[in-house]
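Coming up is one lone chain in structure tokens, specifically the form predicted on its own.
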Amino acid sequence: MEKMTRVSGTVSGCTMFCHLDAPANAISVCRDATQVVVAGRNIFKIYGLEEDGFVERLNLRVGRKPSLNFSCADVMWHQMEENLLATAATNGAVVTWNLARPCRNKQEQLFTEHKRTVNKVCFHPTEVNMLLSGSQDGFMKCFDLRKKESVSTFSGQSESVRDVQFSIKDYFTFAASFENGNVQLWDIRRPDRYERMFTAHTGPVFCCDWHPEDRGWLATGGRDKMVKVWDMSTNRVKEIYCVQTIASVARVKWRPERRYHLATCSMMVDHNIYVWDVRRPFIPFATFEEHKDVTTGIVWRHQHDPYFLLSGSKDSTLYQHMFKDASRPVDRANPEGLCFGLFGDLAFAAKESLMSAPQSVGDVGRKTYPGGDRRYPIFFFKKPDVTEQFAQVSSALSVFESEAGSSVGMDWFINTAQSYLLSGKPFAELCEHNAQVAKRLNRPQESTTWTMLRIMFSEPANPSLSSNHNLNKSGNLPLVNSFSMKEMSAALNERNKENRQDNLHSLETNLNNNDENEETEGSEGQAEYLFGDAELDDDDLYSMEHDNQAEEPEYLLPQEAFPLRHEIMDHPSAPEPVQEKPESPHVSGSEAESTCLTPMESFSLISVSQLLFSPHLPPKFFCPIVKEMLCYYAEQGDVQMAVSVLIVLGDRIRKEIDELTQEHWYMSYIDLLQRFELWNVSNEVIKLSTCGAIMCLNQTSTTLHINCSNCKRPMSNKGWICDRCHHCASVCAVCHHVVKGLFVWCQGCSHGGHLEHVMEWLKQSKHCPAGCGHLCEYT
């Protein structure tokens, strides 16, 4: 052994740490819990565990240029032979190390049968010379350390093996977890086929661990952020516990002497180590928060000591955690819970001591369910068990029911989600359709919002969608969009020219230009913008161009509109001037320009001499207002309106709102849609989203792993013909023809067929139509 070197420091009490030369990938402890080995790409050392710190005992990386055999992805210390180690190298090698060798190089055997990185090595708990490995190439190999080659090879029919673990209680059994989400159980005496396989997670299964006391309990952790406990002792694998974490689970280890406790660490994002009580899956029992980077390896110091936990991390530290120093999230947890039901009912849970107080006047509509009312079968009351640690904690549940037909109901949400159009038509038509939907559902504010969006963001020259916006039944005047009014002047002038001759004899007053107006009479290009008098409509906003041509010297106006201002010179036979009426609008003689206008049907117009705003406001002018409107709807809880407008407007408004806010709105709306089982609408919203985190929601877990209905072997990804028995997997069990369209099958026996045929069969019998005797169940 090399000279001892102190490299450690003490945090507090028996919690201690030491700095490593490089990040650690895995750690393992010897049988007597006095030494720990740390392995990584650039580190392979053994440390002694003393009362006040870690002491470096041995550096196994020897030589001037260490080979890739020293680059370790995993390490394990034999629990029966104190001098025997095994490592999984990143170059595909499996290496054994004998610490009793007298030379500096402790390497004993080298196995290079794997073609890719070896992810895991595992010694048999009672057999000294048996070693198991799992590799990225999809194979598992069993080695007899007395031989130079593997004695058995197991093919998992998958891309890669992430973990392998020998059963503690069953001598011949080991479990393997795979990247396709499956877990397989093998008998080392039968390398040709697994004994049992089941899908454990929706994504790669990174780790597994057998319970040290319960023979059939297997814990698995995966990328789906879940830890599941399976009961393998029954004929059919049963999930008995499930713990939801906040990140992908990289390691899972059962806690010694505690039947329901296990420790986990994450593969990314989360640096903490959690100890869970599987009976209370929503909050950790204890948390270790010392690491500053991802934890890569955890191991309990002794198989009979539940109070010491060792861990290595990418932050190049090695920790020994004392359980008494762990933080307890339960102590800081909120003991109350509140949740709305789909149809407006409100459930509230709190401590019994709070809920047992006399009801106040405001509690009239409350119903308490101390023992779980059968009208609400999802609510249950657990009978107290004196052996459970958390039995003394109990809550009372109250449900506030919404009255029938009240505004709290969510029928409007379902109808709106199913009726809204978010794509597939021009922008103006989408807004018009959604406005009509909101109006039909008695939501006037949302209907007006869609109408205003159509007016503000539509192209100026687009025709009106409804005849309500036309000037009259025979007119073809365009809708005033984007508040642009110049386009309306030409059309209105053409109508003036056509009707001027017909109106000439019906008018009683004419006006001539005054000498005061000579200065402005020859001006060109200035348009007068005319607004209706008492009959002005929201959409009737038009402009008039000057018409100062010589062949039409006079301009006519209705008698009641303006007073007489000039003497009639060219038409002595015209009627006498009408005196000015008190209610007539007064036109100042000093105005810059005055024009005689021909009335059109029931419209009375006034003259505006100056253009106050730009004739065309770009859509971006309204973006700040629309942004405030979307935030208002979101704050009011109507994320449906916020997301729908966001999708319909698209690039017009998307850049104005930060992506995190958009993602929050999308996730909230999608969650509501899925709670109401509106799967098609939810999928459409996901597809129309431009947020990366949202677009990938319907692209995960889309791979189906199926078995051949004939030989029950896993099907390869090459096609629908089984590689082993050469039978087509998609044959209908009812009509015995190949299914070329929609195919449905039972996940228990792998038999299925045409959807219509299977539905007809199940009306008559619950047994499999293939005659295998299985009671098929279809979702």
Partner chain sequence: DARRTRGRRGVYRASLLCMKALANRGRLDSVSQQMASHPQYLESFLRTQHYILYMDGPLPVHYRHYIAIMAAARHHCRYLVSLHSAQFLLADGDPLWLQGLEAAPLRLQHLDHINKVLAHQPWLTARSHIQALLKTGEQCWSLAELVQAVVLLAHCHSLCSFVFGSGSDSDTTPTPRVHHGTPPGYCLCDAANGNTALSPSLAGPTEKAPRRREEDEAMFSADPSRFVTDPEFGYQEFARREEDHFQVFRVQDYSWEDHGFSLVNRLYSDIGHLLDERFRNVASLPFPHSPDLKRAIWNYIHCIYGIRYDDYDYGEVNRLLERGLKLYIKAVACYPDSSKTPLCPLSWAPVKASDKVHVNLLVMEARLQAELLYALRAITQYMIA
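Residue numbers count along the first chain shown, from 1. Everything quoted here is computed from the prediction, not taken from an experiment.
In what follows, reference is made to the form predicted in complex with its partner chain, a form of this protein that is not presented.
Contact annotation for Arg61: none of its heavy atoms lies within 4.5 Å of its partner chain in the predicted complex. Looking at Leu342, you'd find every heavy atom of it more than 4.5 angstroms from its partner chain in the predicted complex. The shortest heavy atom separation between Arg57 and its partner chain in the predicted complex exceeds 4.5 Å. With a 4.5 Å cutoff on heavy atoms, Gln109 does not count as touching its partner chain in the predicted complex; it lies far away. Comment: its partner chain is not present in this chain, but in the predicted complex one of Ser150, Thr90, Thr96, Ser668 has a heavy atom within 4.5 Å of it, namely Thr90. Contact with its partner chain in the predicted complex, judged by any heavy atom within 4.5 Å, is made by just one of His211, His261, Arg196, Lys314: Lys314. Checking 269 to 277, 438 to 446, 76 to 84, 334 to 342 against its partner chain in the predicted complex, the stretch whose residues place heavy atoms within 4.5 Å of it is 269 to 277.
Shown here without its partner chain, the chain has Leu68, Ser71 in 46 to 71 lying with a heavy atom within 4.5 Å of that partner in the predicted complex.
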